[in-house]
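In structure tokens, the next block holds one chain alone, the form predicted alone.
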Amino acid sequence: MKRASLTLALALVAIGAGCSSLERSRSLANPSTPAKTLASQVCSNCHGLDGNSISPNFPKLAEQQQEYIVAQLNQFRNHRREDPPGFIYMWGISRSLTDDQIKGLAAYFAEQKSVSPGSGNPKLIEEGKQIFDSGLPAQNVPPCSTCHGDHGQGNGQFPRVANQHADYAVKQLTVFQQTEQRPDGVAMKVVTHSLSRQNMEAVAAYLQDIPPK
């Protein structure tokens, strides 16, 4: 009888411990895990606790448009984004996320304050600013600001690009231009068609260092 009582007591303690640890859970398959917990316990490993990733291999998510984050997580979850290394990390991570968790993650990162990773080559930055503000009429390239905002802040489905790592921006522009790995970015494929490598590096340098609005 005493042993049965002890077993029951231990089981209740274990259940209680499981509930209390939900706020520190890394369980991506648990629909009860709060989005903020996933952000701090899982997403932060690559994107930083506040969405300001240190490594240019991972995009900065701080102040990103909520609508855009929701769309990208859904695309990863549905295997519609195939750009490496994005799908290598994100297909598995997003697989079991619920709609509410995705919305919660988007809201969390949108609320964070974005900071620049640092300044780059001043000559490239000036060239990039010109392309961002005015486009390249001779190459039929429209101004980036038309969709992404005058300070790169983004607008709904058009992502924030301000303060993004230059290396990451170049990689994504190349993906749009040279591959079909982001099928929902058909507009960007048209925009990037005539960009040279130097054009991309210039725009990316400006975006990394773009001043706040």
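Just so it is clear, the structure is predicted and the values come from calculations on it, not from any experiment. Numbers for residues come from their place in the sequence shown, where the first is 1.
Another form, the form predicted in complex with a small molecule, is not on view; read the next lines as being about it.
Novice: Taking the small molecule as it sits in the predicted bound form, is residue 32 in contact with it (heavy atom to heavy atom, 4.5 Å or less)?
Specialist: Answer no; every heavy atom of residue 32 is more than 4.5 Å from the small molecule in the predicted bound form.
Novice: Using a 4.5 Å heavy atom cut-off, state whether residue 180 contacts the small molecule in the predicted bound form.
Specialist: Residue 180: no contact with the small molecule in the predicted bound form.
Novice: Quick check on residue 205: any heavy atom within 4.5 Å of the small molecule in the predicted bound form?
Specialist: Answer no; every heavy atom of residue 205 is more than 4.5 Å from the small molecule in the predicted bound form.
Novice: Would residue 143 count as a contact of the small molecule in the predicted bound form, using a 4.5 angstroms cut-off between non-hydrogen atoms?
Specialist: Yes, residue 143 sits close enough to the small molecule in the predicted bound form that at least one of its heavy atoms falls within 4.5 Å.
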